Structures are given as structure tokens and as C-alpha cells.
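Given next, in C-alpha cells, is a single chain: the form predicted alone.
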């Protein structure tokens, strides 16, 4: 089980990856303009949903398979979880 320090490092790295690939559409610090899905709504049990959407696209979102690596997806997920609406549950 990773330590809190490791999770914090992953979240910080995830923020950098998020800024590179996701922030243009999903907003700075996950704050969406309302035009795209608010990633803060992803629950901790929805990681498969997140990974499927990133890899295969969904709605207006194009697929990122081959662009965003599995490791980068993991880092983005850690970042999302730090700002998620249900992070305290």
C-alpha cells in the first residue's frame, strides 16, 4: 500500500500531466466551464470508467489511447482524487 507521501508525489506529477493534456477542456484545477464533464464528480470506484473514457473517448472527448500512457493515466487519476467531491468519504 503506497504511503501518503507517495500519493502526494503522484498527485503532483498528475497535475502536470493533467495541465498538459486535460486542462484545456476540463479546466484549471478540474474546474469545468460546464461544457465538459466535471472530473471532480468521479467517485473513487469509477476508475474503470475514467480509464475507458481516456483510452476510447466519450461524447465530444476524443480517444487518447497511444497519446496518454497507462502511467500518465494513473498520475492523472491520483490528481483527480485529491480534488474529487467525495475525497473525504
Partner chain sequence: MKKLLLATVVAATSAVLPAAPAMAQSSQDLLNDHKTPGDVLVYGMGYSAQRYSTLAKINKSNVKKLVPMWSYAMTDNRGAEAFPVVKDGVIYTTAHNATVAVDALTGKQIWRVAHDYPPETLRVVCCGVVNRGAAIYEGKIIRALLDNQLIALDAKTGKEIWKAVSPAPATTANGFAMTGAPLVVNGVVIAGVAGAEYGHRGFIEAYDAQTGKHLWRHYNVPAPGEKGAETWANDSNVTGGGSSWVTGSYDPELDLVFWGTGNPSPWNARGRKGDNLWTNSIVALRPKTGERVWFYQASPNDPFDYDGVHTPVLAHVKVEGKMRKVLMQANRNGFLYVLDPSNGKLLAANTFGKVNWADGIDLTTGRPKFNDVFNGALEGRKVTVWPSVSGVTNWQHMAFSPKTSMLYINTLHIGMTYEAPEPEKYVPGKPSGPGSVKRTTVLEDPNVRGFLKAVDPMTGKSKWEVPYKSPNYSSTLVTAGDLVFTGVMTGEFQALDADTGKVLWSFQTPSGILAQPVTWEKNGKQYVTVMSGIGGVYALRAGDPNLANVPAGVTMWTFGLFDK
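Because the structure is a prediction, the values reported are computed rather than measured. Positions refer to the first chain, counted from 1.
The next section is about a form of this same protein that is not shown, the form predicted in complex with its partner chain.
Q: Taking heavy atoms and a 4.5 Å cut-off, does residue 28 contact its partner chain in the predicted bound form?
A: Although its partner chain is absent here, residue 28 would touch it in the predicted bound form, with heavy atoms inside 4.5 Å.
Q: Although its partner chain is absent from this view, report whether residue 48 comes within 4.5 Å of it in the predicted bound form, heavy atoms only.
A: No, residue 48 stays farther than 4.5 Å from its partner chain in the predicted bound form.
Q: Could you tell me if residue 36 has a non-hydrogen atom within 4.5 Å of its partner chain in the predicted bound form?
A: Yes, residue 36 lies within 4.5 Å of its partner chain in the predicted bound form.
Q: Heavy atoms within 4.5 Å of its partner chain in the predicted bound form: does residue 9 have any?
A: The answer is no: residue 9 has no heavy atom within 4.5 Å of its partner chain.
Q: Could you list the residues in 8-28 that come within 4.5 Å of its partner chain in the predicted bound form, counting only heavy atoms and keeping sequence order?
A: Heavy-atom contacts to its partner chain in the predicted bound form: 16, 19, 20, 21, 23, 24, 25, 26, 27, 28.
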